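Before any questions on binding or motion, here is one chain by itself as structure tokens, the form predicted alone.
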């Protein structure tokens, strides 16, 4: 499955004196491409080298035998209860215990790209089905992901597709399909939105599943992005997926996740987009190209991106080995909402604004309070305060100086931090990764 990267702007990373494979880069890999790592995982990947470490992330690690049965049990119970809070807790369980953190990370990214809120959908079963589709296709072909999500029941409700009839077109799905999901602003005209809406007429849901009702469909000729025909919804998806702008938008989305917004130069972004087109919009190819690149491990791409609340929360739990026994995933879901990232309830079709928007005065105080709750053991029931000294001693650090250095390297990938763990987690650096 491994690819040979041939793009000139995406040269493979090779450790050197100036750019060594050190703890800082191992830490960076796990922070950006997953949800952090514990000391044993960091040391394992430090010893095995970048190629093996990235292989493990791409392939997924070993996972507890009962993970799959338990996550099914929790997810099914959430659906049966129709309680969205239980579904949020289910996803936190997956992010904490899945052996495939990269896919969970990508699922979270696509949840933001195809932002759908249960505040309007009001159907826990629909939201879970959509989430499963995002995960199943998170690292596959973008064409499969798009087709699965656009015909998804939650999306149909969210964007009023059920109201789109030949005698009264509703443009919501057509507009977001072009603006947010595929092309981006500037790559289509208002007339294209109107014509796409006509082509999508007939798509609706019955008995909780997608159907195409011919009686609702406008069979007349349409003109979409310069092409003429009696197009239907599937024709629209084929036309959109054939546009160069799709690869550009997906490349931009991926670079936002792995580098930060508007960080990657235009020429480098364009080369990734060209590669995506040549690889049939293969998301795994693109992600692998990024993770294996010199650019990803460059000095100016380490420790400078603001972590989203979930990365901040789950990352510290995993790093500090606070997952056995498990924390309350209900409490984690509540905390993430307080910090501005309420799963299954993004604020609009644009998703969460991210980056600097994560760090308002209110959420900064919230993150500090979360760190306090974590350290005092309030995320567990009964409460289990953290004793960093015990964790440090487990890995051979007996002196106070050694324990401070251990905490700094564990949480930040360097030994530059001072003070106790509480001080470190409340520092500005704790919000970067």
Partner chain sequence: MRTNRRTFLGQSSVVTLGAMPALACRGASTAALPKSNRDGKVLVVIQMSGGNDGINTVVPYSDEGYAKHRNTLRLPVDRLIKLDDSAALHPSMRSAADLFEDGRLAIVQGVGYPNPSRSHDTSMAVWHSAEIGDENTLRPHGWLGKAMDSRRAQAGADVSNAPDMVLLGDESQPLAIQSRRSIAVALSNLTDLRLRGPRWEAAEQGTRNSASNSLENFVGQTMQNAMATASALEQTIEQSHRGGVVYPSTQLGQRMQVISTLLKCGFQTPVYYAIQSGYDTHAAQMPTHAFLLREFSDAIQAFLKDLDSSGLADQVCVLGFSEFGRRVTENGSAGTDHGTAGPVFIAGNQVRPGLVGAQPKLLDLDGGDLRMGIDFRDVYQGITANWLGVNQDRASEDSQHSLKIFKGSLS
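Positions refer to the first chain, counted from 1. Everything numeric in this text was worked out from a predicted model, so none of it was measured.
Omitted from view is the form predicted together with the partner chain, to which the following refers.
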Inset, instruction - Would you check whether the partner chain, in the predicted bound form, lies within 4.5 angstroms of a non-hydrogen atom from each of 39, 116 and 232? - result: no
Inset, instruction - Could you tell me which of 300-308, 279-287, 213-221, 143-151 sits within 4.5 Å of the partner chain in the predicted bound form, going by non-hydrogen atoms? - result: 300-308
Inset, instruction - Identify, from the list 316, 329, 336, 131, the residue with a heavy atom within 4.5 Å of the partner chain in the predicted bound form. - result: 329
Legend entry - Candidate from 402, 373, 52, 387 lying within 4.5 Å of the partner chain in the predicted bound form - any heavy atom: 373
Inset, instruction - Indicate whether residue 8 is a 4.5 Å heavy atom neighbour of the partner chain in the predicted bound form. - result: no
Inset, instruction - Report yes if any heavy atom of residue 58 sits within 4.5 Å of a heavy atom of the partner chain in the predicted bound form; otherwise report no. - result: no
Inset, instruction - Consider residue 14 of the chain shown here, and say whether it contacts the partner chain in the predicted bound form, taking contact as heavy atoms within 4.5 Å. - result: no
Inset, instruction - Please run the contact check for residue 353 against the partner chain in the predicted bound form: heavy atoms, 4.5 angstroms, yes or no? - result: yes
Legend entry - Within 141-163, the residues that have a heavy atom no more than 4.5 Å from the partner chain in the predicted bound form: 160
Legend entry - Distance trend in the predicted bound form - C-alpha atoms of residue 145 and residue 261, change of 3 Å or more: farther
Inset, instruction - Just say closer or farther for the C-alpha distance from residue 262 to residue 20 in the predicted bound form, relative to the shown form; it changes by 3 Å or more. - result: closer
